[in-house]
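One chain comes next, on its own, written out as structure tokens in the form predicted alone.
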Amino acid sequence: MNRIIPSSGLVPEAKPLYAQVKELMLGRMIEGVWKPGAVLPSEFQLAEEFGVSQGTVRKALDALAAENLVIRRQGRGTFVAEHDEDRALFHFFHLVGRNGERRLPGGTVLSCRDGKANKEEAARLRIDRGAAVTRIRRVRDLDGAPAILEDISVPCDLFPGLSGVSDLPNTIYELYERNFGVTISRAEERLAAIEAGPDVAKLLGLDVGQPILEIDRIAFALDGRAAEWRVSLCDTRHHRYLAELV
């Protein structure tokens, strides 16, 4: 049992007590002790187990909730967050209609095969060049028309056998979590305006040279490891990228 006792030699200035409790809780999620969708013990139980006050536990849970790692449901308790369509729509997909409407795109997988990491994949995924990766290419549609071309690379050691999955779901983060025990907790995105090349133009029904939005994303697992590199090329004639700043 992991137990924190404030009088046992902790260095207060090194890290606040609530942050240490948060790390212990996160560790249980990483280890699979608390699985996605599981209800957590009560604040009282956690406080007793960790040897801290309920206020400290509550602050740790607040920090986890702010990072969308746990969800509080009034009258039901606190749950480990899990990937579903709502989470994919509101936390990881940022294209909206001109009226601001959110809608998850459909998807058609063009290819899914294994290979060896090239220089850029190795750098973005923080793995050795030549390490095994799975590459997925798919076209995603919005309002019945192709709107996004995605190229995804993931390390095979995190997702063994992914290339053999016969029917990749539209919300692929659910698959990562359900089949491989890898929960995507956050992502970093870089945006650029580029021109559509011949291949992209053909797949998205655009003119060669037409401006498109490139979204370069690295997605990270709960333990901080880079789990996915995704480049999305988006037709934004009828959609906009929405970033909500709070």
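Computed from a predicted structure; not experimentally measured. So that there is no doubt, residue numbering starts at 1 and follows the sequence shown.
There is also a form predicted in complex with the DNA; it is not shown, and the following applies to it.
*Asks:* Do Lys59 and the DNA come within 4.5 Å of each other in the model of the complex, heavy atoms counted?
*Replies:* Lys59: contacts the DNA in the model of the complex.
*Asks:* Does any heavy atom of Pro211 come within 4.5 Å of a heavy atom of the DNA in the model of the complex?
*Replies:* Although the DNA is absent here, Pro211 would stay clear of it in the model of the complex, with no heavy atoms inside 4.5 Å.
*Asks:* Taking the shortest heavy atom distance, is Asn99 within 4.5 Å of the DNA in the model of the complex?
*Replies:* Flag for Asn99 set to no.
*Asks:* Since only the chain is shown here, I'm wondering whether Gly224 would be in contact with the DNA in the model of the complex (any heavy atom pair within 4.5 Å).
*Replies:* The answer is no: Gly224 has no heavy atom within 4.5 Å of the DNA.
*Asks:* Using heavy atoms only and a 4.5 Å cut-off, determine which of Arg72, Arg126, Lys116, Arg137 is in contact with the DNA in the model of the complex.
*Replies:* Going through each option in turn, the one that passes is Arg72.
*Asks:* Just give me the single entry in Pro41, Gly205, Gly181, Gly37 that has a non-hydrogen atom within 4.5 angstroms of the DNA in the model of the complex.
*Replies:* Contact with the DNA in the model of the complex is made by Pro41 alone.
*Asks:* Answer yes or no: in the model of the complex, does the DNA come within 4.5 Å of a heavy atom in every one of Pro16, Gln45 and Thr78?
*Replies:* The answer is yes: all three residues contact the partner (heavy atom, 4.5 Å cut-off).
*Asks:* Pick from 184 to 192, 215 to 223, 24 to 32, 49 to 57: which stretch has a heavy atom within 4.5 Å of the DNA in the model of the complex?
*Replies:* Flagged stretch: 49 to 57.
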